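Quick setup: one chain, the form predicted on its own, written in structure tokens, and binding and motion questions come after.
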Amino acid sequence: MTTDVYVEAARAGLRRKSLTAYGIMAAIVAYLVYIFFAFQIPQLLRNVDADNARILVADSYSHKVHVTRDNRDASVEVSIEGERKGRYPTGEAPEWVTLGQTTIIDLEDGHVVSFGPEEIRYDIPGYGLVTARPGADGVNATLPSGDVPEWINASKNRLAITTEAGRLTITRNRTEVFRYFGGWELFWFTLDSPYHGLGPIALASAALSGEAGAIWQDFWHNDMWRHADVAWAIFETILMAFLGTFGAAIIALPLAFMAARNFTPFGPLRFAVRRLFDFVRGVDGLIWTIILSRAFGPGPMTGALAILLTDAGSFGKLFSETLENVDSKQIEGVASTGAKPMQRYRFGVIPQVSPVFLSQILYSFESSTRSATIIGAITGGGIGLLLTQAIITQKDWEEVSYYIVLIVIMVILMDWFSGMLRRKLIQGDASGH
């Protein structure tokens, strides 16, 4: 009889636990369903445009060559990414563009666009010939008979045709064709550089002939990719993280002693310092960035101050908790030699906490390097600013890719560097060196 009671009680306990588990799972599912509709996920999925995504991805690893006609005077110019800094000299063009009274643009695979004196023509394989006579009264386009396909957007004042070979856009005053090519064109040298188009062997030969300085100058001061400006922006980002992190550590260390229970018996002072730490770390670094930029104006130093405030609060809390866990016997041993209070801290406390402090500081330095990228976009400094500018223009996504690659490399290097320092300093400290 007693055994049956225990069995029944065990079964009742299992049922309660099962019901609790099912209840928790049901609550989680209900919450996820709520999020699905509250954040308008269905509408977001409906708005997904695969074509735009494909174009964005293509822009990140390739470049466009633009052939542009001014419909008012029939002049034609060819440029890379449509930029003035990437414009071909007058009368010059890539081999697939034939300049003349009628400019012929061979997009390959049978796609041919011609800019005539008065008429624009695009011969599209499998569809037919599209013609347009742009002027004051509109584009005046003529399409093959039948339904207009989705890849043609036609109106009175604009005609846009997007095919696998390229894109043609015609308005009253301007006609433009662009064609994709793989790679980041003009990354090394611009069109006006005498070293543009030279292969590695020819460049090495020129460098050995005494032109190494000129080659470096043409690369370093590339007007399109601005390598010198990008390198300075990377340096500013790292400098913001360095000043903010180590400045915070210098400020937080003495305050941490005031917040530690075993070093500051006066409760009101300890409470005030702890609340100060809570306040400065409770406000996100981006909020501090906005506040400080209003107070001091934009610049890298404002970003460094924002990182300093946030990290000072985090360091103060971590340092004070570490100090509260130090071994008091080591301090007593130093005190027994007649050491003064500062000497007790120096020889009884610092050796115990320095490995933890160094590890925390270096890890925060690595993390602050990532944060400095976003903060720099707000304060107007560092690689974050260049990245934001490239995204806002929505034109040269290969530059966005370039900056993102540099940011990832910077973070990897900072991770490796801080890890190496942690190993050397902490192991060296532990071994007594």
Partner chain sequence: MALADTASQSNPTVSEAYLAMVRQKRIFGGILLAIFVALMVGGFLVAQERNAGDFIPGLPQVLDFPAAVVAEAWENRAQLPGFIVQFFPSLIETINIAAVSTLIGGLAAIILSLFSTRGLALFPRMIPVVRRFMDVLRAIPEIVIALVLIFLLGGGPVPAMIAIALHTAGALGKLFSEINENAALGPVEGLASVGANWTQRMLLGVVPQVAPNYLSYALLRFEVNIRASAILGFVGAGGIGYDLRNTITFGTGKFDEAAAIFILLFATIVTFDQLSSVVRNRLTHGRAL
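Positions refer to the first chain, counted from 1. Note that the structure is predicted; figures quoted are calculated from it, not measured. By rigid core we mean the largest C-alpha set that fits within 1.5 Å across both forms.
Missing here is the form predicted together with the partner chain; even so, the following discussion is about that form.
- Shown alone here, A306 lies farther than 4.5 Å from the partner chain in the predicted bound form, counting heavy atoms only.
- In the predicted bound form, P134 stays away from the partner chain, with no heavy atom inside 4.5 Å.
- Taking the partner from elsewhere, F181 is found to have every heavy atom lying beyond 4.5 Å of the partner chain in the predicted bound form.
- Using a 4.5 angstroms limit between non-hydrogen atoms, P355 is distant from the partner chain in the predicted bound form.
- Note that among 134-142, 276-284, 121-129, 210-218, the stretch whose heavy atoms approach the partner chain to within 4.5 Å in the predicted bound form is 276-284.
- A heavy atom within 4.5 Å of the partner chain in the predicted bound form is found for exactly one of I152, L253, I290, A74: I290.
- The contact residue chosen from Y195, Y88, F257, F246 relative to the partner chain in the predicted bound form is F246, the criterion being a non-hydrogen atom within 4.5 angstroms.
- With contact defined as any non-hydrogen atom lying within 4.5 angstroms of the partner chain in the predicted bound form, the contacting residues in 29-46 are Y31, L32, Y34, I35, F39, I41, L44, given in sequence order.
- Once both forms are fitted on their core, a CA shift of 2 Å or more is seen for A26 between this form and the one not shown.
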